[in-house]
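Before any questions on binding or motion, here is one chain by itself as structure tokens, the form predicted on its own.
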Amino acid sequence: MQQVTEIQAVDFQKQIDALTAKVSMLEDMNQDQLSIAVVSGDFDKILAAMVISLGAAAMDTEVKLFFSFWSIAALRDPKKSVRGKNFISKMFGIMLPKGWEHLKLSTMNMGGVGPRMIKSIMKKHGVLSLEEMFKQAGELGIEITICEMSMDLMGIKKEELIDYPNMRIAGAVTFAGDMGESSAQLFI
């Protein structure tokens, strides 16, 4: 049986150290992260984004959501109101749904009957409501970034948004950076 010499042991240790450093660098480059750009404000599409997010987070994947344009209406808190808006901002405030309870379906909305039917079926099958999903998402550390430009265009202020523990307001560049670190990106 051949014995490992001291010189061979030092070489092995150097190789192990080099491989450990390389693995660490590769792990840092492509994290186990999912980034989802949520642009639609339809109930079913917000629901899909949340179901996918919760599923990925349950599998220990870091999840980052970027809410932009019409999807931001889902994050408006119906209990909060803001003063000091200009005419256009007030009009957007009136026209946009105020929170997830008022979102429409992308198809078969049927004057508001469709969302009520879906919510009833979800409840019957034990599916979490959107409110419960957002609560669970916060507990799982899912990050929500809200597009600053979209908020400015639609006159939505930070003070009228839901209370969510991992929420930030930032631009598309921030989300592009998040996507670059992600192993998967979705657009809903």
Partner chain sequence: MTQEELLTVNADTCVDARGTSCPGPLLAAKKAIGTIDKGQIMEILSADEGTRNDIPKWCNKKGFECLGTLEESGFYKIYLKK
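Model, not experiment: these values are computed from the prediction. Positions refer to the first chain, counted from 1.
Although not depicted, the form predicted together with the partner chain is the subject of the following passage.
If you check the partner chain in the predicted bound form, you find a heavy atom from every one of G55, M59 and E139 within 4.5 Å. By the criterion of a heavy atom within 4.5 Å, H125 is counted among the residues contacting the partner chain in the predicted bound form. Under a 4.5 angstroms non-hydrogen atom cutoff, the partner chain in the predicted bound form has D32 among its neighbouring residues.
Using a 4.5 angstroms threshold between heavy atoms, V39 stays clear of the partner chain in the predicted bound form. Mapping the unseen interface onto this chain, L153 falls outside it, with no heavy atom inside 4.5 Å of the partner chain in the predicted bound form. From the list 158 to 166, 144 to 152, 65 to 73, 131 to 139, the contact stretch for the partner chain in the predicted bound form under a 4.5 Å heavy atom rule is 131 to 139.
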